[in-house]
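First comes one chain, alone, set out as structure tokens in the form predicted alone.
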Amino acid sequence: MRYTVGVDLGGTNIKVGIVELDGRTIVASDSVKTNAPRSCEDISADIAALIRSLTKKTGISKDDILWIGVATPGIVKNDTVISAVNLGWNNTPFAEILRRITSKPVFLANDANAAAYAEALWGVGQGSPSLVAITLGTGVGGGIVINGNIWDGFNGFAAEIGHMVIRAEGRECPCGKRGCLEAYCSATGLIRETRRMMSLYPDSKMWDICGGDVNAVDGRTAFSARRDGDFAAGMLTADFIDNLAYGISNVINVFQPSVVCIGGGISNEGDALMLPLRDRVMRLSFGLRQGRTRVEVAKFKNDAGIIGASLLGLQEKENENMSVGERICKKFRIEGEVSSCEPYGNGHINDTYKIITKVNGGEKKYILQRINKNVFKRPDLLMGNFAKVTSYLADIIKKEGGDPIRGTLNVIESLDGKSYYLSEEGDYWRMLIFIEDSISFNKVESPEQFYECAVAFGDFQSKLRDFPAEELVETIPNFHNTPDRLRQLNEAVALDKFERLESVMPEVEFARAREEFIGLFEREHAAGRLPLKVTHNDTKLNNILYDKDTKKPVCVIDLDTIMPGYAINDFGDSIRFGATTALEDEADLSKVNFDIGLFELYVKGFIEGADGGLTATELSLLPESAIMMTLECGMRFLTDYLSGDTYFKTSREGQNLDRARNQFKLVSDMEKALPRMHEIVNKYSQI
């Protein structure tokens, strides 16, 4: 496990949390009063005491903590707090003082920048190259993240979004200027304007909501009254949204970021805020309709400071990529000296780098990967499977007259003769030969491409038909054990930890009604009719490399989930993924349909590629495998939704539920088409 500490230092409280990086969770947190203004030494001592308390409570050794990140108010530059009025600090070397007290690396950022960093890396901006965060609190804060790095300007003053002028000579702002966004869109400004409107409209429902006490007005008062149809509140909130849209549009027109995220208490108003806001921003900002900036609600609420602070060391680690690459590469039997080490690909599980070495005036290319220990609990066993299968495939390809360097992945041994290297930090690394002149695709671009995908995975089964599957280890137990997935769903239903069950009972009953079918493959296996084979378990299009010129399949990749299993599950998963008319999270089920034409195309390609390597039982169950894998995936999405969206990555509320409904709609379509699906399989298999 990789742990860091995140510190959210505020004018009122000091909040400290231990964060597990691979699991993306706050393991434990605690807080004390800031009691500002106080010296940096005193506050640093309190932070150190909280860290000691948390490590003792969790049993996590101080040695297991990689670094401490701190989100602090004020202007920050070069590990120094230039100015923080509510702390009483000026030109304070905060990072140096805390580093001295804790004996740990310390990284420092302005609190709004840290919150933006959390959203960019783990929140609504995950996977996007740029994000601007706007926090609507007592003031209006901002943060800018570009390519994984916080942009704070040459002097630390960047992203003072609250102080852009949106109304010439407008309302007075606490900064002393007039017309600032903060004067109009902070919670403070909204409360002040709510009270003013209440004085003008004594019959407004805003009076009822705050119990007739203007001191009870908060940022929700006007929006609550608006939902009740209050005229004054409607005017007030419309004006608030207009002003916020002006500010966001200015940000978009200057930066054109991938994402603008809105945080702070007002962001909790949901669609009442976001729907009209997005509409106004669309009208006011520049951009092509196909490539517009997304405006989203921030994912992390009160935890944004801790999470963003805990990630600050990653900026430093990105800058260390080259030195890490050079150090780790020396542990493998590669040729030449490392000349380049760059992040590679768009995978979300392992850290992947492309390595180039200089050799006698030429160059060699490799792939270096750090295996994610949170997902794969035993990387050593995983690599045992990986090495056995790729070595076997290389021999088969060579005997067939092919090129084993392009036809399969090739593992480079470590200096001690293993298929991986275990670093001093406890990380597992592997190195592979880079496959030249190859490309991959994230979505099917033509029916022919789907057919070629089927041929490739069928050929994968054919080449491994005689491999003794019992030699492989089940690295992810019960991965495609569909009855166990139903058990997990029933457990989530019984717990209903997030009180979501009532709205999804039709989906739960949909899965439960198929309990007899769900046990089909396990019964066939127990009867000796369905054999265990080597299975890939992630047969998506983007796990095939194609020749960049011919666009023909070259190599099946991403073999981390190679395990003993049922060959038909690989087929079924491909159908689930590819023979549909909509994306996996499409919420409009009228757009979600099973494409029988694509099914037939895949059946033809898979059976041709398998070249006699499938048994009569496996062939007869191919249609059922499509239903089984789609139903299983739907149950997994539904289980995760009931459990609080902790496994599958989400970018919006209800996404896992939409995914589950999407899959169950496909199951219904497939069940209706089952006789025709059997006819198609019989046509190409001649059973």
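The numbering used is simple: start at 1 and walk along the sequence shown. Note that this is a predicted model, so its numbers are computed, not measured. Each form is matched to the other, and the largest set of C-alpha atoms that superpose within 1.5 Å is called the rigid core.
Here the subject shifts to the form predicted together with a small molecule, a form of this protein not shown in this document.
*Asks:* Indicate whether the candidate residues F510, F517 and K665 are all in contact with the small molecule in the model of the complex, with contact defined as any heavy atom within 4.5 Å.
*Replies:* Not a single residue of the candidate spot has a heavy atom within 4.5 Å of the small molecule in the model of the complex.
*Asks:* Given a 4.5 Å cut-off on heavy atoms, tell me which of 65 to 73, 634 to 642, 45 to 53, 618 to 626 is the interface stretch with the small molecule in the model of the complex.
*Replies:* It is the stretch 634 to 642.
*Asks:* Looking in the model of the complex, any heavy atom of T102 within 4.5 Å of the small molecule?
*Replies:* It does not: once the small molecule is placed as it appears in the model of the complex, T102 has no heavy atom within 4.5 Å of it.
*Asks:* Quick one: is D573 in contact with the small molecule in the model of the complex, heavy atoms, 4.5 Å cut-off?
*Replies:* Flag for D573 set to yes.
*Asks:* Look up in the model of the complex whether I476 has a non-hydrogen atom within 4.5 angstroms of the small molecule, and give yes or no.
*Replies:* Flag for I476 set to yes.
*Asks:* Any chance F376 has a heavy atom within 4.5 Å of the small molecule in the model of the complex?
*Replies:* Answer yes; at least one heavy atom of F376 falls within 4.5 Å of the small molecule in the model of the complex.
*Asks:* Please tell me which of H163, K77, R292, K540 lies within 4.5 Å of the small molecule in the model of the complex, judged by heavy atoms.
*Replies:* The residue in contact is K540.
*Asks:* Note which of V85, I349, L583, A216 lies within 4.5 Å of the small molecule in the model of the complex, where distance is taken over heavy atoms; exactly one does.
*Replies:* Contact residue from the list: I349.
*Asks:* Quick one: once the rigid core is lined up, does Q655 have its C-alpha move by 2 Å or more between the shown form and the other one?
*Replies:* It does shift by 2 Å or more.
*Asks:* Superposing on the rigid core, I want to see if W67 changes position between the shown form and the other one - specifically a Cα shift of 2 Å or more.
*Replies:* Comparing the forms between the shown form and the other one, which are aligned on their rigid core, W67 does not shift its C-alpha by 2 Å or more.
*Asks:* Rigid core fitted, then: does R227 show a CA shift of 2 angstroms or greater between the shown form and the other one?
*Replies:* Not so; R227 is displaced by less than 2 Å.
*Asks:* Based on a C-alpha change of 3 angstroms or more, tell me if D22 and D585 lie closer or farther in the model of the complex than in the shown form.
*Replies:* Their C-alpha distance shrinks by at least 3 Å in the model of the complex.
*Asks:* Regarding Q126 and K540, go with closer or farther for their CA spacing in the model of the complex versus this form, the difference being 3 Å or more.
*Replies:* Result: farther.
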